[in-house]
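Before any questions on how it binds or moves, here is one chain, the form predicted alone, in structure tokens.
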């Protein structure tokens, strides 16, 4: 087990990579604690949870709503929870987002921690202090910045994940490598089969390095005023695809990264050979590199992106594998590029 710390002006957060769910009780402060989890986790691991109230929400992105939050508030009131109550979110990205948001807002804020049980949660959703729920189908439109006191990443729990969930997490690992660590990208290029098979040594390295990258970025920019925007690489286009439906988060981000990389090549920033390496690795990780979605529908979703500011949006481009930059692009120009994405994709594929 090793520990990664995130420390900034508001709070210190410790991520324990390789810790086990059954050791959770040792991380809880004295006093009362309440678990928020989902039905799948409860079915598989109820015996490993400490003796405390357990609130279960449904599974999947459809439950990440203000209605779910309201139900949890009401249950906490029924349990006579107070400001000394500690909340623990145990599950994947949906559980972490919802539990963190509830903890950040109930009684103006409770202390909380996470046990991240999916690869996506371990490398992304549980780390960095972003909590929130969807509104009207738009991802994380209502939320907060608030760090958990701890995150336990039990790597053994990944063995129960379906292949699609492993691929989801791999997309975020690729993102971290592309924006900050060419060595991590090369490491993954050398062993995609071991990564998908959850080889213990490989997955420990991938999770550890991804968390370390995100921790460094968040430690310097907690509230996404500058450098943290780079963590959105692939997400502007990706979130639009998620809104339309048909793709999981990791799949949508994978296509979003291809779009951003293709645009980077078109703008003379990224070498065409690097684009070929990116699409090649994504394919080997069983992630999509194109979409049949209507450009008009993608554009409509982009217009409501929460990162939009006036007529522009902060878009993340690649200067090379391991180096990203933030560029403010006018919405109209981005929409024009989205409309031409199929052609960009064909052109870059023929060049790479």
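Positions refer to the first chain, counted from 1. Here the structure is a predicted model, which means the values were calculated and not measured.
Not on display, but discussed next: the form predicted together with adenosine-5'-diphosphate.
Stretch 36-44 is the contacting one of 23-31, 66-74, 285-293, 36-44, since its residues have non-hydrogen atoms within 4.5 Å of adenosine-5'-diphosphate in the model of the complex. Taking 234, 93, 113, 128 one by one, only a single residue has any non-hydrogen atom within 4.5 Å of adenosine-5'-diphosphate in the model of the complex, and it is 93.
Among 204, 181, 165, 149, the residue placing a heavy atom within 4.5 Å of adenosine-5'-diphosphate in the model of the complex is 165. By the criterion of a heavy atom within 4.5 Å, residue 59 is counted among the residues contacting adenosine-5'-diphosphate in the model of the complex.
Contact between residue 118 and adenosine-5'-diphosphate in the model of the complex is found at the 4.5 Å heavy atom cutoff. In the model of the complex, residue 161 approaches adenosine-5'-diphosphate with a heavy atom inside 4.5 Å.
Heavy atoms of residue 157 reach within 4.5 Å of adenosine-5'-diphosphate in the model of the complex, making it an interface residue.
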